[in-house]
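The form predicted on its own is given below as one chain in structure tokens.
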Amino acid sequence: MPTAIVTGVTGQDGSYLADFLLSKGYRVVGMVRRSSTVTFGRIEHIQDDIEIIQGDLHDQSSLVSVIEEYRPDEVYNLAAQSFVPTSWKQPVLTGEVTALGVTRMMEAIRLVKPDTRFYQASSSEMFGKVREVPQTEATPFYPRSPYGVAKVYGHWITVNYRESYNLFACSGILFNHESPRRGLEFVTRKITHGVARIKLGLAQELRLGNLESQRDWGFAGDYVEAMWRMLQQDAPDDYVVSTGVTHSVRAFCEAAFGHVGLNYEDYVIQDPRFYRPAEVDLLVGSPEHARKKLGWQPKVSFEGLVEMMVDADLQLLGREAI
């Protein structure tokens, strides 16, 4: 039974990855930061099947202790301060966790168990002000937020440790991936939750920022399989994980409201408060490398994803109303 450590196991990606690894027969060790208010809602259904341990990407010694105790075959580093707007308000915290946290984890692996295979969660936000369309593994980075800058550091330190110390270290450059487990602060879940509230008579409007921003949206449950496939290869590499298709926030609204028989134009209000200081207008990835090398391709369509999320929020709010 291989052992995998998953940082950020209580998040969207961590919970889907834990589900997937359990289905593959792994011993799953989920690392969480000590807190009086840790939320286990996303992993409640598997909490008895995984081991929850404490560790902190701020603290080098805690990571060394975790690697020493569990001797993992694989480490998936998904933990980060991952909400882009917050990175402008807390840029130093974002750098400490999202950038330097990667170095601390890789240093722990290098010192204790260098044959551990390592996955780093890179992000399409690294491309920012895009230099070419679509974006590939070779596209230059031009991040437009402290979060994107921190992710660029995490990406390149992973490459550097791979080349300097011969570690099996991969970066997955994941484009936007959503699900019913997405946090309410993210625009996709804000939309689907807002649609459900409006449909159920709990709200009359939905305030959003830039409706013209375009993103390459896929289903998080599909994307975690690509993470795992990267660490099963003969040699480490970096991969763009995306659908190769882009939609605007406006199109997402149209699909979400349309799914419940409503016209988004009757409810959506653009609010300047939700615009970014530096906007990222268009992100769309080329998944060809992942398709050819990993044999991976997304299964859930954009329309299927939107409908899945709206239906889940309708059920959630319906249960809360009982």
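Fair warning: this is a prediction, and the values are worked out from it, not measured in the lab. Numbers for residues come from their place in the sequence shown, where the first is 1.
We do not show the form predicted together with a small molecule, though everything after this point is about it.
No member of the trio Val29, His155 and Phe168 reaches the small molecule in the predicted bound form with any non-hydrogen atom inside 4.5 Å.
Shown without its partner, this chain lists Gln135, Ser87, Asn176, Thr243 as candidates; in the predicted bound form, only Asn176 has a non-hydrogen atom within 4.5 angstroms of the small molecule.
Taking a 4.5 Å heavy atom cutoff to the small molecule in the predicted bound form, the contact residue among Ile198, Val187, Val149, Val112 is Val187. The stretch from 159-167, 232-240, 209-217, 68-76 that comes within 4.5 Å of the small molecule in the predicted bound form, counting heavy atoms only, is 209-217. Using a 4.5 angstroms limit between non-hydrogen atoms, Tyr142 is distant from the small molecule in the predicted bound form.
Mapping the unseen interface onto this chain, Arg182 counts among the residues with a heavy atom inside 4.5 Å of the small molecule in the predicted bound form. The closest non-hydrogen atom of Val249 lies within 4.5 Å of the small molecule in the predicted bound form.
When the small molecule is considered in the predicted bound form, Val64 lies well away from it, no heavy atom lying within 4.5 Å.
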